[in-house]
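Below you will find one chain, with nothing else, as structure tokens; this is the form predicted on its own, and questions on how it binds or moves follow later.
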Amino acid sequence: MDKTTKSADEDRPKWDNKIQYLLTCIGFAVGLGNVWRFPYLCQIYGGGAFLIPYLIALVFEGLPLLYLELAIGQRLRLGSTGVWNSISPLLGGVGIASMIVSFLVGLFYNTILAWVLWYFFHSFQNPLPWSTCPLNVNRTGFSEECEKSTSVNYFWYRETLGITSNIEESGSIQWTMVVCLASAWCIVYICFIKGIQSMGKAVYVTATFPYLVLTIFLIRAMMLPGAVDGIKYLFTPDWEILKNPQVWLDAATQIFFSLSVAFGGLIAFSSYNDEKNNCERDAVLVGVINSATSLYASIPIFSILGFKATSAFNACQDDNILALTNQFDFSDQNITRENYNHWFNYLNNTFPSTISSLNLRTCDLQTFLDQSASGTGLAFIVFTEAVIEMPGSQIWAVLFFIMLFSLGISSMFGNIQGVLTPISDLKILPKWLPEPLVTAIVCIICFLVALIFTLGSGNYWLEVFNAYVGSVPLLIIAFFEIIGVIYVHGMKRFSDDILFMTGKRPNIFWKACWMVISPVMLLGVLIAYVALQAQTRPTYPTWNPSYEFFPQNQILEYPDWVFAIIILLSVLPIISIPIVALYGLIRRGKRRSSTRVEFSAYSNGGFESEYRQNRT
């Protein structure tokens, strides 16, 4: 390295120790999706059978991408924009794309943490505020909207979100949510106030506490009635479902997004490492822990869902028993849950018309287990409903939402680092601006933009961002990352880099994945994803009390102007890739006759020399 690079390396902050670095990477990778997305996919895609495509995607797509990002960031000791500019100025747009995605994802991700804070604050009340319906305006009965649905749904949609009936009705700002959102961004800022030094201290808590809570939940959940049914449902494989291509597509996208590759955060984190560090071991460790966490979290989650299904099944039978007892003037306890089926079959054969007139509900445990939910539906509706039935419900609610916040805040560290490090590397701000002030400016801008999610239509907009910002753009960015490192930087040169850092060259497995398997899988997933999305116009579920079939969600198509915004959100992050490449080609064409300076992929000084010469 030349003197310029050595000086830059000396100025660059470093992790206090290896544990800090690993916990930060694990905290970034292990997020909310591990708790509320992976179990949902296992549930709808044949239980244990889903693990087969998931593990294949982990080995041939997830781990190679993770290894590549950690290695290139550690070797070049730059953030996402600096890394790709160093490899080739034509690839500078890849780093900018990662920075934009991190910024946009951070906007809605921290809004979810604001919702978590709201529920956390209310979890100390006894009884829990979502356990009963509120009184109506005249205080003569309960709210009609709440009675038509459930108290849990009402608290989420009406008390928390103040939701409108569709995305075109903006509604008013929910000021309580503004306070929670401001609190969430303040917490992020406090953790980042001294850069990786303060963040490195925070991850000791945020990255480890969720495992403690998950273990507590696992022990408690296993004691609940119906827990075994939930676990059996989760892991009972349905091999036939593996014939469905959608299963393989969802497995590939889940492992890709779960590892948080292509955001730029992992490149930034690894850039603060010592150059002599075994990044191969780090990649395998982070990837395996991330997937193991998904599996570990599924057990308590489905134990609780099994408990909820059993409770609903018992309540269904109790309602039917009461109806039969009243109709046939039986004495209490004559019909019980244990002999309900015997009595029902006997009465149905003897008095079929009478039984038919009672409109008894069909009580089937499998049907209740089939009622799947993911995302906010799992966290803020299904789980909160289950907590009500658990003894000591306040304790479990508090622990659950602390766990969610810890998972989310550690992932936010990566999103914000994916913005701050490129800003520092690009040197677009004056040097006299202190880092805490730059961090504060970024957090304030994010908070102001995220106010859109505090409107009555905010939940609809959050779903738009969640579905389209972190999908196609990340797949495209990851594809160009592999092409940039393996075919522009060069496989031989990258192999030399890894030899320098780890003392050994990458084996044939890593080379085969980087050169063929991973880019082909990425391209296949991208094409399949776009093809599936293009087949139908996007729709979204709404909460509309005036809907004919309320409390069922009304499914609406996005209006044209929202559809245009969806396309913009899908294109905006990656538009920098062709623009920067085109700009670089035009400049290169103009300076063909000028003296060319040899460019070094290991030195920013070489790039700066070329840049200064072109300026003169």
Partner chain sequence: MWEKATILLFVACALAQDLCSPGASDGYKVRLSIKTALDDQAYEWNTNELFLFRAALAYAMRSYLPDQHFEVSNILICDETPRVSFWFVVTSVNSATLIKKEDVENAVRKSRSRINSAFLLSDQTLEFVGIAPTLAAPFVPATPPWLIAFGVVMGVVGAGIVYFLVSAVLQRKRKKKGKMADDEARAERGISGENGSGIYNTSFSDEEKMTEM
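Positions refer to the first chain, counted from 1. Note that the structure is a prediction, hence the values are computed from the model and not measured. For clarity, a rigid core is taken as the largest C-alpha set superposing within 1.5 Å between two forms.
Below, we refer to the form predicted in complex with its partner chain, which is not included among the displayed structures.
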Identify which of W343, Y204, Y540, F121 has a heavy atom within 4.5 Å of its partner chain in the model of the complex; exactly one of them does.
F121
Of L429, V179, L249, I517, the only residue with a heavy atom within 4.5 Å of its partner chain in the model of the complex is V179
Taking 4.5 angstroms as the cut-off for heavy atoms, does I289 touch its partner chain in the model of the complex?
no
Indicate whether N326 is a 4.5 Å heavy atom neighbour of its partner chain in the model of the complex.
yes
Under a 4.5 Å heavy atom criterion, is Q125 part of the interface with its partner chain in the model of the complex?
yes
Contact flag, F351 vs its partner chain in the model of the complex, heavy atom cut 4.5 Å
no
Just one of 379 to 387, 190 to 198, 484 to 492, 351 to 359 has heavy atoms within 4.5 Å of its partner chain in the model of the complex; which?
190 to 198
So which residues in 321 to 337, when you check its partner chain in the model of the complex, have a heavy atom no farther than 4.5 Å from it?
L322, T325, N326, D329, F330, S331, D332, Q333
Taking the rigid core as reference, does L285 move its C-alpha 2 Å or further between the shown form and the other one?
no
Would you tell me if L358 moves between the shown form and the other one by 2 Å or more at its C-alpha, with the rigid core held superposed?
yes
